[in-house]
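Presented as structure tokens, the chain that follows is alone, the form predicted alone.
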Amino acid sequence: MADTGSAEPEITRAEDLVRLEVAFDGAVNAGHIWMAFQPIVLAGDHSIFGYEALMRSRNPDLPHVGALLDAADRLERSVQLGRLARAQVATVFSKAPAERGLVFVNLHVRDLFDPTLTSPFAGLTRIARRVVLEITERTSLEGVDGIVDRVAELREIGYAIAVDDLGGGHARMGHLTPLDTDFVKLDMSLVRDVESHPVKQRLVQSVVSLCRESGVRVIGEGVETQPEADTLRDLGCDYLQGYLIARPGPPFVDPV
């Protein structure tokens, strides 16, 4: 009798992928994927500077953004998901008044090379001067060729560039220098309880000083308390974002 010891796991994996694809298609086709917007404000007076667009899911089988992103990765449909999100952002922000400022759009490093980012027919390209492409990923930038040239091309079109989660463990600034970047976002690990940690304060101050020399603006992300906000402001952060300001929601949430 032939050995069929590996057949069951292979069948199970195939069935899992089929179920995952059905759930993913359901989320896409039923309009379960939507974009929430969280305000980013000036550190001094909390006036609106812009918003970060954040993907959300209403699908019961993929109930949160992590599940949605993982499904897209497993099914090799991350490009489709990214395009869907950017199209929704473009639809909302193309109608938004100027006082709503800029919109920060999360972009996996692979999406940097998506040709729709530079297509004149894409909605996001048409509003590029109001868009900050926020480079964020769950892996390192190591081994990604041509990223500096691609970022320069996108900036030439009108997009600004933000580096996400600075201080969070991924050496993004080893690949993109301040000269390639318009904004940096401090990782929440630096922001949390910063008023009580002198070492964090020195790190933030060093980042702010370096960025200021290069004309790069600094955003403190994940701000949850007034002492965090006050300390980041005093250390020179330009902008703040987090639950203290407002939770993400449908367009457009105003700061509290």
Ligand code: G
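Note that residue numbering begins at 1 and tracks the sequence as displayed. Keep in mind that what you see is a predicted model, and the values were worked out from it rather than measured.
From this point on, the text means the form predicted together with the ligand, which you will not see here.
**Student:** What stretch, of 204-212, 42-50, 25-33, 220-228, brings heavy atoms to within 4.5 Å of the ligand in the predicted bound form?
**Tutor:** Flagged stretch: 220-228.
**Student:** Looking in the predicted bound form, is the ligand within 4.5 angstroms of a heavy atom from every one of 38, 188 and 192?
**Tutor:** Judged in the predicted bound form, 38, 188 and 192 all sit within 4.5 Å of the ligand.
**Student:** Residue-level question: is residue 106 within 4.5 Å of the ligand in the predicted bound form, judged on heavy atoms?
**Tutor:** Residue 106: yes, in contact with the ligand in the predicted bound form.
**Student:** Taking heavy atoms and a 4.5 Å cut-off, does residue 54 contact the ligand in the predicted bound form?
**Tutor:** The answer is yes: residue 54 has a heavy atom within 4.5 Å of the ligand.
**Student:** Report whether the minimum heavy atom distance between residue 248 and the ligand in the predicted bound form is within 4.5 Å.
**Tutor:** Residue 248: contacts the ligand in the predicted bound form.
**Student:** Taking the ligand as it sits in the predicted bound form, is residue 164 in contact with it (heavy atom to heavy atom, 4.5 Å or less)?
**Tutor:** Contact check for residue 164: yes, within 4.5 Å of the ligand in the predicted bound form.
**Student:** Though the partner is not shown here, which residues of 242-256 have a heavy atom within 4.5 Å of the ligand in the predicted bound form?
**Tutor:** Sequence-ordered list: 242, 243, 248.
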